[in-house]
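What follows is one chain in structure tokens, specifically the form predicted alone.
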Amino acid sequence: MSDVRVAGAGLTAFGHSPERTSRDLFAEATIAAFEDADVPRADVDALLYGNFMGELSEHQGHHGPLMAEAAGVQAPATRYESACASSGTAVRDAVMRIRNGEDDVVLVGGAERMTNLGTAGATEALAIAADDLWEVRAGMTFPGAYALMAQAYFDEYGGEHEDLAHVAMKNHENALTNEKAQYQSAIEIEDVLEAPPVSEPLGLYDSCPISDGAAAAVLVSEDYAEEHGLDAPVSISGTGQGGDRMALHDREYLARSPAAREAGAEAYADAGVDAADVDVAEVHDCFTIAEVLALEALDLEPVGEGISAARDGRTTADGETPINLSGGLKAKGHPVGATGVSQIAELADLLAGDHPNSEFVSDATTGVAHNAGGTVASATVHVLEVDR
């Protein structure tokens, strides 16, 4: 199998851009990715593109060829939809295509246009990632679902809202130097605790924002990188995917994420590493409790102890294992279809020393990207390693 190298990546700023179409956003991200990669568009063998709600936000389906045109590539193009894990799933397939020798160069990316729908419209659109028959029609929203998961965690393992507030404060702090982040502003514990409630015990600052944005990465085989003299020190050495029942009431656990645990175990085994080798991670913190569940699913924290990780400083920028140095979904933003690839882009820059927060992981060799769909009914995990 061929090693898979990250030749280059590009992001738009994440934030409020209701007038911009997803094809416009993706075009910008791909321009940056190709400039970073120094790979000609003519060499692209395939485009794998993640998007969740294009039919609802733009009345647009059949995204693959549309985004290939926006990117300026002549190659077969496929759209992936797995809720918030859409582009993480695209990354996984891109890795497998390159490994098996089918492709040498894959453009992988994603985009989402959300803010044009407004808060109520975006909330309704996001809800289709839940079980419509048994959850959505009963009034379930994702803030409500994650609130149930947070309360279940508190009931089973302990913890309180202030513990989650430290997750939010940490990730806002990390985003201060990220020019692509939606929120480049610090918050204090009191801001989180005093914010308007969204769904108890979660408040406004426990929730990621509604975002527009796009991300793209050029992945290449190791042979291609060597033949073309590319500066591509970061590889995707492990990939994994897991699943769980769609509706919360059908699950064995509310306070655990079996899909993420399955994906993480597969990715670690694929890369030949374990959780103790991980130096830095970007995890899917759509709500503050989601970061806690991700840490435990990835074995970065023991079950029941992830709740104290941010509060005790284990996951802060200068902690044992920095988590979400990009600002995470919480502060960087969450344009759903772009998130998985944006995590790969952020991690690659962190490991290569090209990120504003690389100073905190200057000796790091191994990173993990965790991308989750819905209430983690689907999940992908990727291991990235850098040549030192």
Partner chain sequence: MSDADDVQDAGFDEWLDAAEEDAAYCLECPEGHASLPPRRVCPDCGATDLEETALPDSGEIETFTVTHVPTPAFEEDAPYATAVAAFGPVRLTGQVVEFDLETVETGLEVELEIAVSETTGERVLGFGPV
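The structure displayed is predicted, hence computed values, not measured ones. Residue numbers count along the first chain shown, from 1.
One more form of this protein should be noted, the form predicted together with its partner chain, which is absent from this view; the next part is about it.
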| query | Just one stretch in 229-237, 213-221, 80-88, 124-132 has heavy atoms within 4.5 Å of its partner chain in the predicted complex, so which one is it? | reply | 124-132
| message | Would all three of Gly139, Glu200 and Arg245 be in contact with its partner chain in the predicted complex, where contact means some heavy atom lies within 4.5 Å? | response | yes
| field | Contact assignment for its partner chain in the predicted complex, among Arg314, Arg97, His166, Arg251, heavy atom within 4.5 Å | value | Arg251
| field | Contact assignment for its partner chain in the predicted complex, among Gln151, Thr115, Gln241, Ser308, heavy atom within 4.5 Å | value | Gln151
| request: Answer with yes or no whether Gly144 is in contact with its partner chain in the predicted complex, where contact means some heavy atom within 4.5 Å. | output: yes
| query | Would Asp155 sit within 4.5 Å of its partner chain in the predicted complex, counting heavy atoms only? | reply | yes
| task | With heavy atoms only and a cut-off of 4.5 Å, decide whether Ala120 touches its partner chain in the predicted complex. | result | yes
| remark: Residues in 95-111 that come within 4.5 Å of its partner chain in the predicted complex by at least one heavy atom, in order, are none
